[in-house]
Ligand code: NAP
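Here you get one chain, nothing else, as structure tokens; it is the form predicted alone.
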């Protein structure tokens, strides 16, 4: 399949127009006409080789929403014309305990990323969603509810599931107090989901201009974090806190806000390890946990939940020729709240 999109030809270079071939459609594959591809900050890290050696040329993109245009001879999950989504991974070993439990993101041999890797055959380069089309095994794609706009759905395949999964795992719901650290591409989805699940939601942010947005998205409270003293009255107030920020912070201030048996879930990737005061853990049997995206069953569950509650990401739709500018704006946190590329402009 002939494809066209954007690629980083070498580390730290600007993305440029790129033509390439997708693999032939196999028996269990579906072909996708991409409508929108979200820009995730991890795309930028990998295109700039900030997370270690990378594979170039690289076509980034793992927030993909589109329409099925062709199906392999053995496909049963999708039909031509279906709205379809693809997220952070496109395959896994399928046989380990994690895969068998529908937790493919924790595959014991490593999930196969949507880009910047080789597919399971060891030779086919995985090119991502910054392109006009895609090919994927049906088992690793999900159905998109018909009532949701594809532009707002694309970021759900990464940012959305990254927040939905810990909220479900720690059973957010009525009677729970949930804190969301940061109101960016990740955090704003946490607010929407926690509110829809019935929790009392507090947003922690250093940006006062985001208060109106936070409240409009369903937050009950907004707390400025520039002054650590503003957090003191909230000691032992929260059942669950979701940390979506990647900046260097004093994590102990937030641990102290957890109730007995409360959990702080780390979602953002900090630049250096946290300095944890063990006493903050001992005082209340508190926990620090981590969470990474979600497996295919949970991604589908999330999308169905979004369909039922009319939840999508807040996006700024851009043309392909604006992507390099969008990268700089993303790094500067100058986006409300996720850039999405119109794939018809590739």
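The term rigid core refers to the most C-alpha atoms you can superpose between the two forms while keeping them within 1.5 Å. For clarity, every value in this text was computed on a predicted model and none was experimentally measured. Numbering follows the first chain given and starts at 1.
Heads up, the form predicted in complex with this ligand isn't pictured, but that's what we're talking about next.
Engineer: Where, among 89-97, 115-123, 182-190, 137-145, do residues come within 4.5 Å of this ligand in the predicted bound form by heavy atom distance?
Structural biologist: It is 182-190 that comes within 4.5 Å of the partner.
Engineer: May I ask you to state whether residue 40 is within 4.5 Å of this ligand in the predicted bound form, using heavy atom distances?
Structural biologist: Result yes; residue 40 sits at the interface with this ligand in the predicted bound form.
Engineer: With a cut-off of 4.5 Å between heavy atoms, is residue 74 one of the residues that contacts this ligand in the predicted bound form?
Structural biologist: The answer is no: residue 74 has no heavy atom within 4.5 Å of this ligand.
Engineer: How about residue 324 - does it come within 4.5 Å of this ligand in the predicted bound form, if we only consider non-hydrogen atoms?
Structural biologist: No, residue 324 sits far enough from this ligand in the predicted bound form that none of its heavy atoms falls within 4.5 Å.
Engineer: Hey, in the predicted bound form, is residue 268 touching this ligand, heavy atoms inside 4.5 Å?
Structural biologist: Yes.
Engineer: Just one of 318, 55, 281, 292 has a heavy atom within 4.5 Å of this ligand in the predicted bound form. Which one?
Structural biologist: It is 292.
Engineer: Taking 4.5 Å between heavy atoms as the contact cutoff, choose which of 153, 201, 242, 158 touches this ligand in the predicted bound form.
Structural biologist: Among 153, 201, 242, 158, a heavy atom within 4.5 Å of this ligand in the predicted bound form occurs only for 158.
Engineer: Pull the contact list for 205-222: residues with a heavy atom within 4.5 Å of this ligand in the predicted bound form, in sequence order.
Structural biologist: The stretch touches the partner through 205, 206, 207, 210.
Engineer: Comparing between the shown form and the other one on the rigid core: C-alpha of residue 109 shifted by 2 Å or more?
Structural biologist: After core superposition, the displacement of the residue 109 C-alpha between the shown form and the other one stays below 2 Å, so no.
Engineer: Using the core for the fit, does the CA position of residue 246 change by 2 Å or more between the shown form and the other one?
Structural biologist: The answer is yes, as the C-alpha of residue 246 shifts between the shown form and the other one by 2 Å or more after core alignment.
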